[in-house]
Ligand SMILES: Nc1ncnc2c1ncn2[C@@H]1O[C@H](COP(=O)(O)OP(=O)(O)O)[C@@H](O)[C@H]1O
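Just the one chain here, the form predicted alone, laid out as structure tokens.
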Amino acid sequence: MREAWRAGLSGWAMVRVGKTWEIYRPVGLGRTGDHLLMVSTDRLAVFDRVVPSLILDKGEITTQISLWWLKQLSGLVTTHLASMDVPEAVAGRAIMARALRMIPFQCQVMGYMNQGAMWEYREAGTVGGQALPGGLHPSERLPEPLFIPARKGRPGTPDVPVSERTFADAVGEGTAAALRDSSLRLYRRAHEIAASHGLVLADTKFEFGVNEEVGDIELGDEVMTPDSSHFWLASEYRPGTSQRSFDKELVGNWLMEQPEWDAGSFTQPPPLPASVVALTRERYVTVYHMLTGCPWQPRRAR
């Protein structure tokens, strides 16, 4: 799955390959004190596995959605974004970012009861180990958004939700409180903004890191895209039923229907049929269009 833009990065040394990100430094520069080139690829990961099919323009779409959110949320949080001065080959799908020491936890915020949470809720009356009132239904809005920290798994393994006590013991009381407050504040504001654009932001997750030059905690990774969030159409939203999700859930649902592949295995998922690839791209484009108010036009077509 070699993407064409990679050929235009001569002079850049790869630092890290993630499931959907690639990180580079200029050749010859040291490993500290400089900025990182973060490139969002067209790869898609579900069940902590990279699907062997590319979603055309996904990296550019998610980057542009992230940048749009950062403008809307300006003043609420400091981010790793340093500049948009990137090589032409990755313009639109990359940013220059400050190097952070990433905190090894996902900061998940859930505003609505999703299908996975219903299993725990029906068994124990809890979600993420937190007690909830009885009588809640699938897709119902929760009385208050839940903050659910999750320890990041090794490559190919899932993130594991932990209690807030375990989280605080791992990162420190002050850091845990700051991450919880920032995550909930960002989600609440983003939920309001999404609603004003006809979307329900059902849940999302954030990653934070420490800028060791100044000691600040900054928001890293991408921000509230269909890669990290569940979006529903407000016009279709009906609590008590499953929702049509405008994110990568479509791919996960298709994979779960494939009898030859086990989501709990360590094997690579099968390639996606062209129809699933096209519909997934369409749903990412829909979120971009509804949030920004602009029709999607990739740089290659401009």
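Quick caveat: nothing in here was measured; it's all calculated off a predicted structure. In this text, residue numbers run from 1 along the sequence as written.
Another form exists, predicted in complex with this ligand; not displayed. Remarks below refer to it.
The candidate spot formed by 140, 188 and 202 lies out of contact with this ligand in the predicted bound form, as no residue has a heavy atom within 4.5 Å of it.
Contact check for residue 102: a heavy atom falls within 4.5 Å of this ligand in the predicted bound form.
This ligand is not shown here, but in the predicted bound form it comes within 4.5 Å of a heavy atom of residue 80. Proximity of residue 97 to this ligand in the predicted bound form: non-hydrogen atoms within 4.5 Å are present. Put simply, residue 12 is far from this ligand in the predicted bound form: not one heavy atom of it is within 4.5 Å. Contact with this ligand in the predicted bound form, judged as any non-hydrogen atom within 4.5 angstroms, is confined among 251 to 259, 267 to 275, 230 to 238, 34 to 42 to 34 to 42. Looking at 7 to 22, the residues that come within 4.5 Å of this ligand in the predicted bound form, counting any heavy atom, are 16, 18, 19, 20, 21.
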